[in-house]
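Take a look at this one chain, the form predicted alone, written out in structure tokens.
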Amino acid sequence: MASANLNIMIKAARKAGRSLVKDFREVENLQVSVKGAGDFVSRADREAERIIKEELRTARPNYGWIGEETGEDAGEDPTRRWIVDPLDGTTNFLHGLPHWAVSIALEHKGEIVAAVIFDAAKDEMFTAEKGDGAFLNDRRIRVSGRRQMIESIFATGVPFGGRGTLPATIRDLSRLMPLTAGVRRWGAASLDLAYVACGRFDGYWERGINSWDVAAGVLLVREAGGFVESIKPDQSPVESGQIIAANAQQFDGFAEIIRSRD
């Protein structure tokens, strides 16, 4: 039985998802503004965040908020905040690629306690609450059981638009790819983590990532039996801007490759 907070999050994600799907069908007509090199934001993105914020704020007016488009608001209750990416995979969306998601996390006293990642184009709703497991459309999910890296698929985000993490990522790829069944770069961090949680990917890592991209996915992976840490192990994977996630059998070996400086 989902909590009241999780039901609120699911409702907000579905409402925003319906709006995004409608705009996705008319993707060529979207009004696009440039937010930065390689980082576009559309009218659809802003409208989705407005919908989510209105839904969450109506239900829980005292909670804090951090969203990709509208920034941060501490709220009257400093112990709780929503962490929201209304459209993760914006570039996919603008190019007509049906791989993007709405991501909503609830943080309580610095810890993610509830998570929703909604892939509206495929009607896949990933949910999790701390201590209650992870689900895909009401079906419990688990990370993969693969033990051998050579049988496994890993996901990452390759930097774009001149971002400074490219050399490190190329180094990671040169070490990892010969040892695996493949590496995927699908352009939506929230779904990369959701796919680790349900066993489609065996691991995921990325540098230069934002808290709203990964907050919900961190809880999903952990509740599905996986491990998640920052690339720098003494830091938070949500706040540090870098993340490693994998099933329990492969996490240590995978993390050793990514963390190696040789």
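Counting begins at 1, following the sequence as shown. As the structure is a prediction and not an experimental result, all values here were calculated from the model.
From this point on, the text means the form predicted in complex with D-MYO-inositol-1-phosphate (IPD), which you will not see here.
Q: So in the model of the complex, are E72, L106 and S211 all sitting within 4.5 Å of D-MYO-inositol-1-phosphate (IPD), heavy atoms only?
A: Contact check failed for every one of E72, L106 and S211.
Q: May I ask you to choose, among A188, A155, A120, I112, the residue with a heavy atom within 4.5 Å of D-MYO-inositol-1-phosphate (IPD) in the model of the complex?
A: Of A188, A155, A120, I112, the residue with a heavy atom within 4.5 Å of D-MYO-inositol-1-phosphate (IPD) in the model of the complex is A188.
Q: Quick one: find which of 141-149, 83-91, 125-133, 166-174 has residues within 4.5 Å of D-MYO-inositol-1-phosphate (IPD) in the model of the complex by heavy atom distance.
A: Every other range fails; the passing one is 83-91.
Q: Contact with D-MYO-inositol-1-phosphate (IPD) in the model of the complex for E68, defined as at least one heavy atom pair within 4.5 Å: yes or no?
A: Yes, E68 is a contact residue.
Q: Do E206 and D-MYO-inositol-1-phosphate (IPD) come within 4.5 Å of each other in the model of the complex, heavy atoms counted?
A: Yes - in the model of the complex, heavy atoms of E206 and D-MYO-inositol-1-phosphate (IPD) come within 4.5 Å of each other.
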